[in-house]
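Just the one chain here, the form predicted alone, laid out as structure tokens.
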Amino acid sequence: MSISEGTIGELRAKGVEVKRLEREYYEIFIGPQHPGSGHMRIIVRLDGDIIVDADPDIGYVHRTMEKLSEGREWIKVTPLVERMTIIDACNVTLPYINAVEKLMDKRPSTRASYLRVLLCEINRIASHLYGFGIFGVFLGHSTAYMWGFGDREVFLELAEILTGTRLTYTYHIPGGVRRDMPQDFPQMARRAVRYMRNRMAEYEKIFLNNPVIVSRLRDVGVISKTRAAELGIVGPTLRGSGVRYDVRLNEPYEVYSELDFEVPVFEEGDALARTLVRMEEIKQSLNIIEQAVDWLEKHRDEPVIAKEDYEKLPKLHKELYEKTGRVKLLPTQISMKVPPGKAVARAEAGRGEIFYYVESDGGVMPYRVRVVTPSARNVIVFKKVVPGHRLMDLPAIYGSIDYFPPEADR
């Protein structure tokens, strides 16, 4: 079976490089381009239109973040690492701060933990809507793209009102967060929750129950439960294969153990199941946001930093916090020394488990920072799952795992 010369001509006309290999195999280079395959290249070998091999060629946006972290003060590592997943900045920086807190034997205030969870779930929704919009581009569904990115703005605005910035928050600090929520934030959050719940029904009509979309996703890119565990994939990609693993549930951090939420799991293991997991997770995140703002509204007296840190603040800094809810860091907090030792921490980011190993030699900068991201673990899907499918199944599989190249390259 061989690909037709007419198809080869069409691919070349679109700028896709095609080479004829031995045994009538063809090699196609998909990417790197943005939007599309993202900042990566997939080297696809075809027998006709059947994929024989799919080799993910990553590293186009590798920025040596782990090594760069060794030359920055502890608190200045946060704005660096949050840029590896700029669309999910809260979830990817929180475990780093948790690891630093373990080294310092410091616990955040309960109010700070609720604020952290609140921002993490706002980010999770925004991240899923981003991935949903890109998925729409992959499948030629422009409405899904416009809806996903349009509704994402609702939650980006919430995050901006809470933190003061749109995408890169640097919100967490050891022992707390940088600022409290505004007085009217609970009302705005509840309004956003109501809006998104109504929109979810529309998404089901136009996308999830669309027979054309369903036919593109069902029984495509199937990963069995056993296979998923063997490959070590994480997040919604794992839960779409029937494995009920979520760090928020299996190894609770912050105040997740105090909140009521479900972990959506689907057994089919195909592209449709992975898509449904993400949409159901949006509903659960909306529930968590409601619970968080309810608690925060009822408990306004506690500061957003550790009690011992608040007591050390100068009078002017306390007055600033009482007036604006913002925490102004002291020079000693920015250039703080962390006791020597090693610590690990993990969290459930939008694409799955993110893991940090942090080591201190007692100085003002980390001795070692190591991070394993969900996209770095899920990239194996291209190599192990894609072969055997048709070429036009590749966009469906890629979109269903919500792979984010800068997160893997870091």
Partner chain sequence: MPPRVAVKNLKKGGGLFEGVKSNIEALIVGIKYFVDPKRMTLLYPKEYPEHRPGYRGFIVLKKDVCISCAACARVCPSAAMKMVRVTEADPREPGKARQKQYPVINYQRCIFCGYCVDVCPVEALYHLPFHDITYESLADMFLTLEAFQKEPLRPVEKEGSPVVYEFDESAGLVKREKKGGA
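Positions refer to the first chain, counted from 1. All values derive from a computational prediction rather than experimental measurement.
What comes next is about the form predicted together with the partner chain, which is not displayed.
- The putative spot formed by V154, N210 and L320 is fully lined by the partner chain in the model of the complex; each residue has a non-hydrogen atom within 4.5 angstroms of it.
- Within 4.5 Å of any heavy atom of the partner chain in the model of the complex lies no heavy atom of T226.
- Put simply, D260 is close to the partner chain in the model of the complex: some heavy atom of it is within 4.5 Å.
- Taking the partner from elsewhere, I87 is found to have every heavy atom lying beyond 4.5 Å of the partner chain in the model of the complex.
- Taking non-hydrogen atoms only, S127 never approaches the partner chain to within 4.5 angstroms in the model of the complex.
- With the partner removed from view, the residue among A292, I282, V338, V327 that has a non-hydrogen atom within 4.5 Å of the partner chain in the model of the complex turns out to be V327.
- Just one of A306, L231, I134, L276 comes within 4.5 Å of the partner chain in the model of the complex, counting any heavy atom, and that one is L276.
- Partner proximity in the model of the complex, defined as non-hydrogen atoms within 4.5 angstroms of the partner chain, places exactly one of 189-197, 115-123, 100-108, 292-300 at the interface: 189-197.
- Of all the residues from 134-171, those having a non-hydrogen atom no more than 4.5 Å from the partner chain in the model of the complex are W147, G150, E153, V154, E157, L158, E160, I161, T163, G164, T165, T168, Y169, T170.
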